[in-house]
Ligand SMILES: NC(=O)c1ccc[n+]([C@@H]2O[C@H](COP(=O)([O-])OP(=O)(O)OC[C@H]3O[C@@H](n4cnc5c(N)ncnc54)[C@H](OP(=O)(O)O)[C@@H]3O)[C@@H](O)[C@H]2O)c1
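There is one chain below, alone, in structure tokens, taken in the form predicted alone.
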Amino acid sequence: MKTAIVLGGKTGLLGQALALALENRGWLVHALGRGDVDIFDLTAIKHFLSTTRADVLFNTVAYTKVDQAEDEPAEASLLNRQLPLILGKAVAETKALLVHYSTDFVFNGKKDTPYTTEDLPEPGSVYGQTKLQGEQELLNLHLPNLLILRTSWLFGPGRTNFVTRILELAAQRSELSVVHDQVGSPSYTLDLADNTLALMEHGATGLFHLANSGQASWCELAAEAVRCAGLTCQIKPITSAEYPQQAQRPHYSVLDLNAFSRITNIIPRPWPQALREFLFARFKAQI
């Protein structure tokens, strides 16, 4: 039986999805939350890897408060830059695969075609900068078993996210204003987990982009969620200037998924289809 350690697997949005996908495939999963192990203690991580004889270590832990990171760069760097380096050093002496998740926010958003892994990152926020630094720290270790996955705009079960928050607000209000000039790749966590395992099963290492197919603005994602949920709230498109935020966000950060498809022969399903599945399952759970 293969064994996996999932940092953030107990309560994290993506971590929970990964733990479920692994268990469904017969893996022994150690889904860790805060307090289970000191993730900043290299010796402790090495010991846990050794005692569990883990085949894979997944890191879904990150500092994701994009605006707050502007005021807390040290805290963001601790989770987004230093933690990946510690994990990389921990697996360096083992045969374990390290799977680390990064973000579309490493790009400046000035393109108008999907970003490939060959495109030069140029983050405009502390969050994006620290996530890029985490990638670079890992790549500089030259690990033979390393998989870095840039993803974006996560939604799924198990934790509050953009889609669930929009539905909560839409149930209370007659109108919501949502930014329409930021476009990206929505990602359903259950699909992201399954497709991560597909990459692993094909022996992939290196840097990949992974999300659901298609693109959307935040406004379009919100409007589709509200429509699918049968709510009457009107979704009003506004510009980023009309909804000022502390951190700079890319206006366009759609991810090119062709490298993933070439390796796996899988085309990720369109995000509206994944969204409908998520909302249908959520509705059934509430009956």
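All residue numbers refer to positions in the sequence shown, first residue = 1. From a predicted model like this one, the values you see are computed outputs, not experimental measurements.
Beyond what is shown, the protein has a form predicted together with this ligand; the following relates to that form.
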query	finding
Among the candidates Asn195, Asn212, Thr130, Thr103, the residue which, in the predicted bound form, approaches this ligand to within 4.5 Å (heavy atoms)	Thr103
Single option in Ser125, Asn108, Thr151, Gln182 placed near this ligand in the predicted bound form, where near means a heavy atom within 4.5 Å	Thr151
Interface membership of Ala19, this ligand in the predicted bound form, 4.5 Å heavy atom rule	no
Interface membership of Arg262, this ligand in the predicted bound form, 4.5 Å heavy atom rule	no
Heavy atom of Val178 within 4.5 Å of this ligand in the predicted bound form	no
Exercise: Leu79 in contact with this ligand in the predicted bound form, heavy atom 4.5 Å	yes
Interface stretch in the predicted bound form with this ligand - options 262 to 270, 8 to 16, 275 to 283, 21 to 29, non-hydrogen atom within 4.5 Å	8 to 16
Triplet Arg34, Val61 and Arg159 all within 4.5 Å of this ligand in the predicted bound form via a heavy atom	yes
